[in-house]
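Quick heads-up: it's one chain on its own, the form predicted on its own, in structure tokens.
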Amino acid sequence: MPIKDTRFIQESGKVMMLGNEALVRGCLEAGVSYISQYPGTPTSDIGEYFHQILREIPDIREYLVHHWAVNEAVATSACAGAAWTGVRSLNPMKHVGLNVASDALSVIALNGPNPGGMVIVVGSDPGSLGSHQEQNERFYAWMFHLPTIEPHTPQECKDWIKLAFDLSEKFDLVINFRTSTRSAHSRGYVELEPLMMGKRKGEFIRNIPKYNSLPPHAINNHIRLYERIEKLRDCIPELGLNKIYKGTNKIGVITSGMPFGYAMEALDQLELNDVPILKLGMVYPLNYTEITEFLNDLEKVVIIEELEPFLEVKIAEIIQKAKMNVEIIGKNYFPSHDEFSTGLVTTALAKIFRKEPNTKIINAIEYFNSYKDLIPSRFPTFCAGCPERATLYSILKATNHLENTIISGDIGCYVMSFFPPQQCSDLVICMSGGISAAIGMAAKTDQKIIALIGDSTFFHTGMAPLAEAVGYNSNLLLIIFENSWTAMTGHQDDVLRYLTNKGFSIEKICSAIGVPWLKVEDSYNPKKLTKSIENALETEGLKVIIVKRECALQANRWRMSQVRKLEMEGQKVQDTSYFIGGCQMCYECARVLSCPAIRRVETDGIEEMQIDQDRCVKCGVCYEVCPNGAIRKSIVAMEGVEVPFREG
């Protein structure tokens, strides 16, 4: 029996938690009762933890609601609606999700969340560890007047999310709680405090000037927003979010979040124990008196922050207004791209303070860099049996390896298609940006155009550009991967699953929008799919092929659970396996299909391909595509019960 995780429900104690786990625990201590989000790294697991709690404590469902939203704009507006009934609502998203939410959020920030409280959690991603770009979303804080709290440790994640809700309610402000991939997934001990049940139900009270930001109310709300921000700015020193580490050195450091940790380690390595440090827990707004008092005795201040100089610009503004003679050192020493490390910060601070890094840090950096030679570089790849891999194979075959063909990619597992060996994606913009770009290309080139989109992305923002493509009868082929899951972010049982379980059909949507040429295919039948793609590319106007095949990971998990169930009941189960014999080494399976369950081996001095039975999910695509008939199919216990993959 699995051990029940009691960290989210015990009333007190000290437990080990990830930053995101601590954040969820803080929400439970703060009485949050409504959460809505679209999954995106590094915030996806916030929703997973809430669902874990709802499964393990059914009684809490009366007070706590978590919705997987169809996109971030829907989630943000839903959280505002809940807050306006007087409850506390949480709206997690990744940094690029804030772009989608921004249209709604720009107005909601004006209106304010009262009578309830609303906190957005934005997971930034310096280094693009799980994203297609490393946008510095902090500038939204300034544009929309979103007070921004940036925690460093799991304890701060728990404690400060509670404070964020208190501030949201007190000042009628949407609070931005900024984490990062590192702070969200770093571990630390967390002191627990009593839980607080959120409101079971709220009540909306009509207030047209507050909730309708149209002239003249929009300007009044804008003025009121400035007033609320200034009230918060004045009380920042009392909140305990910012901390000063005193020192006598004439060069000081201002930093926040994860860079604070790197800075502390770096200063320790350099034996610079006299450097004054201002650790900012609230990076917007800044309290002018707090900043100027810290700078008073300094000749120089080093701003350590990842990505663009957000703090550097704001602190320079304060220095200029106060007519202070303090030199700012920032992006002239620290890069504006990629995530930082202790080694990087130590190297930069060594130059600034004219110190030599000690042997310990030099050895550590060399030791870290040595692994680049020891660990072979590998491209991300699709799982064995992935239906999207099989679809890419059909695209390559149908287009003679992309001859005179543009592949307009999108966000999903298939984003990996631009890596070798497929190299089957020419561009990636954003969710549904593939079909949108394809519409413009179709108007201006005679090349063949294939746009890709997944089912979750289709529901997210894909229907609008599809309607436009129908309206203009754009000469392009849209391939929709219908794998029945939001697979890339961890198979969340989200709104996509609810829709498909209710019979909500992408095929019916395409027909209703007016798609003139529509087919539904199966990527596990690659020859038929290849023929359909060829026919589509020979046809003028808009074409849509829905490739319907469940994510192989989930389909195989379900299939194996059914096999185990039948075996426990004493029934014989039919088993299929694939093996290679008489291989001609044409590499069709390895370099075109590129299944990771197939590898090159040498047996008795003879090279051949071999199927790794531990990795093979028995999709049979390699059997279908082998041009030499070298892949054989073996069925054991023919008389037994056949358990095929489910349809979705």
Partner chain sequence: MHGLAQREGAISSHTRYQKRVVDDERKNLHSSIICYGDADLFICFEPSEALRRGIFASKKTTFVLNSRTIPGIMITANLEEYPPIEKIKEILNGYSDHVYFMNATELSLEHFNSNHYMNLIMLGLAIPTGRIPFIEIQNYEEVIKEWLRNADENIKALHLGIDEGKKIINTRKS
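All values derive from a computational prediction rather than experimental measurement. Residue numbers count along the first chain shown, from 1. Heads up, when I say rigid core I mean the largest set of C-alphas that superpose within 1.5 Å between the two forms.
There is also a form predicted together with the partner chain; it is not shown, and the following applies to it.
- Among Ile328, Val275, Ala141, Met441, the residue placing a heavy atom within 4.5 Å of the partner chain in the model of the complex is Val275.
- The listed set Asn111, Thr181, Ser394, Ser484 contains one residue whose heavy atoms approach the partner chain in the model of the complex to within 4.5 Å, identified as Thr181.
- The stretch from 206-214, 430-438, 394-402, 484-492 that comes within 4.5 Å of the partner chain in the model of the complex, counting heavy atoms only, is 484-492.
- Site residues Thr41, Lys246 and Phe260 are all in contact with the partner chain in the model of the complex, judged by any heavy atom within 4.5 Å.
- The partner chain is not drawn, but in the model of the complex it has a heavy atom within 4.5 Å of Met609.
- Residue contact check for Glu299: none of its heavy atoms lie within 4.5 Å of the partner chain in the model of the complex.
- Of the heavy atoms in Phe177, none are within 4.5 Å of the partner chain in the model of the complex.
- For Leu129, a non-hydrogen atom is located within 4.5 Å of the partner chain in the model of the complex, even though that partner is not displayed.
- If you take 357-382 and check each residue for a heavy atom within 4.5 Å of the partner chain in the model of the complex, you get Lys360, Ile361, Ala364, Ile365, Tyr367, Phe368, Tyr371, Leu374, Ile375, Pro376, Ser377, Arg378, Phe379, Pro380, Thr381, Phe382, in sequence order.
- A movement of the C-alpha atom of Asn363 reaching 2 angstroms or beyond is seen between this form and the one not shown when the two forms are aligned on their rigid core.
- Note: Pro42-Tyr371 Cα separation is 3 Å or more longer in the model of the complex than here.
- Note: the CA-CA distance for Gln269 and Ile362 expands in the model of the complex relative to this form, by 3 angstroms or more.
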